[in-house]
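Shown here is one chain on its own, the form predicted alone, set out as structure tokens.
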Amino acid sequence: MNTAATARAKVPVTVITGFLGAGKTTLLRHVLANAKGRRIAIVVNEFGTLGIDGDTLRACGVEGCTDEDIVELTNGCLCCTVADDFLPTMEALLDRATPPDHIVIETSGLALPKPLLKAFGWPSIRTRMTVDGVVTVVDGPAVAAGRFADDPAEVARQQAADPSLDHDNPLAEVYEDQLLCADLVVLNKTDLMTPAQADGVEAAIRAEIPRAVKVVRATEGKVDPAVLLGLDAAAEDDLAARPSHHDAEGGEHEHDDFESFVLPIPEQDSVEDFIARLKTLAAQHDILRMKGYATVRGKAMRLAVQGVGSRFRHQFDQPVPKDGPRTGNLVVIGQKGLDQIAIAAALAQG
């Protein structure tokens, strides 16, 4: 059998990764809006039990984007649940009467891409699909603010005081693993950065990755799908060139450093007061990510909220069901030890 013909017959899969709040779902919406007739299936994986990202994509209003084309996996991080969730999902997509032309996987913001790439070596899918490329979305302002970097002077001080202390930075490790696996890096949210900041972050990204990887800058995740899809990387055959902090551990990846929970949100009297309260909570508790929906008194549309650290965006996105409750839900994600009781009490206000 002709090897080139076999490779062409495989369904290409693009893995979109990036830390919490980097803009992966926004980028995906742009891909769907500019698919130009290509049948694209989306697999969305979230850290937590509430499928906010899948719901956001279904509300995109793009013609031809149907519910069956968006598959949600909220039962843990994909890189940890390959056999239980990932393989059956991919097999089901391939076995459709009309398989997709392209599959795009949006990983959890805490996922390591490399264990997922290894799954493409499983016999049931290896001959039927290939990893077209790993696209890593970077939150430019967060990197510029040092969110994923240790203070070298402070680390040195702590090491001098107690050499036995563990100075691992779980945020930095996840961010670096996502970069090291990339075939393309999207430096996102450049509209929130100065040109000098963007140049500095791009230089740091290039210094981090020990091979030639293209970096494209974007605002609101607006990157031409022709740039993202069709990289032909066959990444599953190139694992050695993608080092990971967890290689020595056999690729195992635990999320013990992070936690998430879903909190009910009562109907709000004021959008401005609600967002101000969320910003205060994020700063007080060092929350990494908040996302969800709320209802506002007198408004027929629900309020969609997305927060990264203390930066928040919100919009009224779709009607609240007339016979449904006037309540909402918010996913809260942070490092282990969040004061869930205090956060819940603050969010219980209407």
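So that there is no doubt, residue numbering starts at 1 and follows the sequence shown. Remember, predicted model here, so these are calculated numbers, not experimental data.
Keep in mind that the form predicted together with a small molecule is not shown, yet the notes after this line are about it.
- Partner proximity in the predicted complex, defined as non-hydrogen atoms within 4.5 angstroms of the small molecule, places exactly one of 117-125, 187-195, 209-217, 276-284 at the interface: 187-195.
- The small molecule in the predicted complex is not approached by P12, whose heavy atoms all lie more than 4.5 angstroms from it.
- Not displayed here, the small molecule is approached by A22 to within 4.5 Å at the level of heavy atoms in the predicted complex.
- Contact annotation for R289: at least one heavy atom lies within 4.5 Å of the small molecule in the predicted complex.
- Of the heavy atoms in V43, none are within 4.5 Å of the small molecule in the predicted complex.
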